[in-house]
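We begin with a single chain expressed as structure tokens, specifically the form predicted alone.
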Amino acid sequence: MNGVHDVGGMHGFGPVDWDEGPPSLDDWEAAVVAIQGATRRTGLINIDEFRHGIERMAPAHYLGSSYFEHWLDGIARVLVEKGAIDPAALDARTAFFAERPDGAARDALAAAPPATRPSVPHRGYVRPERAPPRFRAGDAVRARTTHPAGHTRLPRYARGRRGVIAAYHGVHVFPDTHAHGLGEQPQPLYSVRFEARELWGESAEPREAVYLDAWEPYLEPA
């Protein structure tokens, strides 16, 4: 989808803030990481559903919140949609911590916590190859010009642009279907080299390139 998350090539957002040295997490951020891991291990949310949950944040909220706030918002959205948590209970929990930010998590529970779910073995994302890939290294391709309403890993800045297949990664789960309960529908995955000036025009630095991982349905011969 063409959401506020897809900002590659856009201007006006200022410099990228980054910290020197190893990253450190506040307690609440570490809790969010644990929640994300638990929902994936138990099979409640797959990685593509998780990403699409974040993509559907309100634009102003997305731009005004931090990285792990994005995670928390996206996880909550998908869990409510799947009926795993009650939105009224979530609102009550949010109100509790708004009044008592230092309160213990268990104190916010109105009832016993739900029973734990068994962990689901992670199968990874690589799947067997059932047919030869359409493209080979060195083939000229063009990213399709498409504007899907749902999840996609094809960024706007590459759509309609010409590139060259740099490598073939094998067959991988297709995120565009996996995010919407439509099954894995595995597809060949490639690394595609795009010249920077093909993407950004004459304002790009010369002799620079961008390598983009692209599933086969994103590409057509150039």
Partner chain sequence: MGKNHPNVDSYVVSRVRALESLLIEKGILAPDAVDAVVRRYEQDTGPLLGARAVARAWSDPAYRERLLADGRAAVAEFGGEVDTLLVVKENTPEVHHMVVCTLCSCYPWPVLGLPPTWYKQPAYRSRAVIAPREVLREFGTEIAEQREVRVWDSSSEMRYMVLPMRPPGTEALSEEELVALVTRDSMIGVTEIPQPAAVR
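Numbering follows the first chain given and starts at 1. Just so we're clear, the structure is a prediction, and the values are computed from it rather than from any experiment.
There is also a form predicted together with the partner chain; it is not shown, and the following applies to it.
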item	value
The partner chain contact in the predicted bound form: Ala131, any heavy atom under 4.5 Å	no
Partner proximity in the predicted bound form: His180 to the partner chain, non-hydrogen atom cutoff 4.5 Å	no
Proximity of Ile165 to the partner chain in the predicted bound form, heavy atoms at 4.5 Å	no
Phe135, heavy atom within 4.5 angstroms of the partner chain in the predicted bound form	no
